[in-house]
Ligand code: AMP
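Only one chain is given next, in structure tokens, and it is the form predicted alone.
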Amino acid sequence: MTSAASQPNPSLAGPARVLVVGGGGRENALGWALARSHGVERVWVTPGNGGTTELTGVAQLTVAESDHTGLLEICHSEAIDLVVVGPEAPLAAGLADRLRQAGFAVFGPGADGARLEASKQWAKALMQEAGVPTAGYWPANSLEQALTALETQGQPLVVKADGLAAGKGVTVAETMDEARAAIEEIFAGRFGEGEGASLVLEERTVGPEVSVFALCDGERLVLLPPAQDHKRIGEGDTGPNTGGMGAYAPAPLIDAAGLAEVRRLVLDPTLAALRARGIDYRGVIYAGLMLTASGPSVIEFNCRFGDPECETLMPLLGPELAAVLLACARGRLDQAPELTIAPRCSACVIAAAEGYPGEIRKGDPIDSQLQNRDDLQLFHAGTRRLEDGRCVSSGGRVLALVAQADDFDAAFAQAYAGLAQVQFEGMTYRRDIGHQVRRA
């Protein structure tokens, strides 16, 4: 159980009308969880996906996450009490600022706070200023500067595009040639920055990775259970990186004492440094950590829930979730109800399209006999609904099958059994998700 506050304020009991912005598996899970929260009468998700309307208490709209004017009109027309912004791109583009200026409560940072994810250079400088443990780094704003820094270090480095790159802008180089190629790729404009391209070179660190999420109201924060995802496409953690092929929570890599240490060393100093820069950060701080021999080290920060970690975590969170997010949005986490966490294990397996993470096939009909239960959920991600009502694949990661049980063996057994009830042509998934915690 995690406490957000000890004395709830009835005025912050919970929003009745909630808008979730985004169209992926993360937003599908958020819509599902918020619709189950106390006091919530209706949840709208926009633009949603092929599974949005299958969620009880959830309605779908078709306004794009980039259409700030259209989203503002929805907030007015539907008298929205709380907006939850899922993806990073609209946050970096200032959507939360636009809606807050119009008087709406938004869970998600403004463009200034979203720089935690939108600029690796900015985030590393903030960490250095705050004394947050992270790998040594060298910023570079030109090809020549980056190659010079690499040659000066004389060893392969981690190469990170500075801006948003949809999870594809990082190369953990094994050789100098691989590092040079990654640098040249960034400055050739692969990630859309063109002449304004910039990057960060980092020392390599060693250890298991874990994701920690903090819900923030600008001054205070509450932690969620730690999660661990699987980035590689292939079993045995082989092959190219993806957006994530599965996850589990709570990750036993960090116990309660370890989580308190992450708060003390990483999250509290980061929130204080944001405040020192005049940034009122209301939303998620997602710390991607490496647990090194000398303690936790920040790999990166994100300004939103991770995916598929979000799908994994939402079923563990209690019905106070909407009220807690509203309290964060209003800057009053100290008056929020206590957020309860189910003492269970949650397992998530992603079903991807054939060819992912490369060129994928789309438009394959999805056949599902699965009925969602309290301990088993099917969250749609890369799907869309045709005019005749059929649901077809439309993205790389198509579906997320999530299950909860008293131990990880049972949770993953249930998740894979559920996955067997879903079919589409070319369906690809890993059979070893959670191998770190499964005995079987």
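Just so it is clear, the structure is predicted and the values come from calculations on it, not from any experiment. From 1 onward, residues are counted along the sequence shown.
This next part talks about the form predicted in complex with the ligand, which is not shown.
Only one of I341, A93, I360, V158 lies close to the ligand in the predicted bound form, with a heavy atom inside 4.5 Å, and it is V158.
This chain appears without its partner; in the predicted bound form, the one residue of E209, D97, D268, E235 with a heavy atom within 4.5 Å of the ligand is E209. Of the candidate stretches 326-334, 255-263, 105-113, 170-178, only 170-178 contains residues with a heavy atom within 4.5 Å of the ligand in the predicted bound form. The shortest heavy atom separation between E144 and the ligand in the predicted bound form exceeds 4.5 Å. The closest heavy atom approach of R282 to the ligand in the predicted bound form falls outside 4.5 Å. Among residues of the shown chain, D162 is not one whose heavy atoms approach the ligand to within 4.5 Å in the predicted bound form. Under a 4.5 angstroms non-hydrogen atom cutoff, the ligand in the predicted bound form lacks R277 among its neighbouring residues. Contact residues in stretch 118-140 (any heavy atom within 4.5 Å of the ligand, taken in the predicted bound form) are K120, A135.
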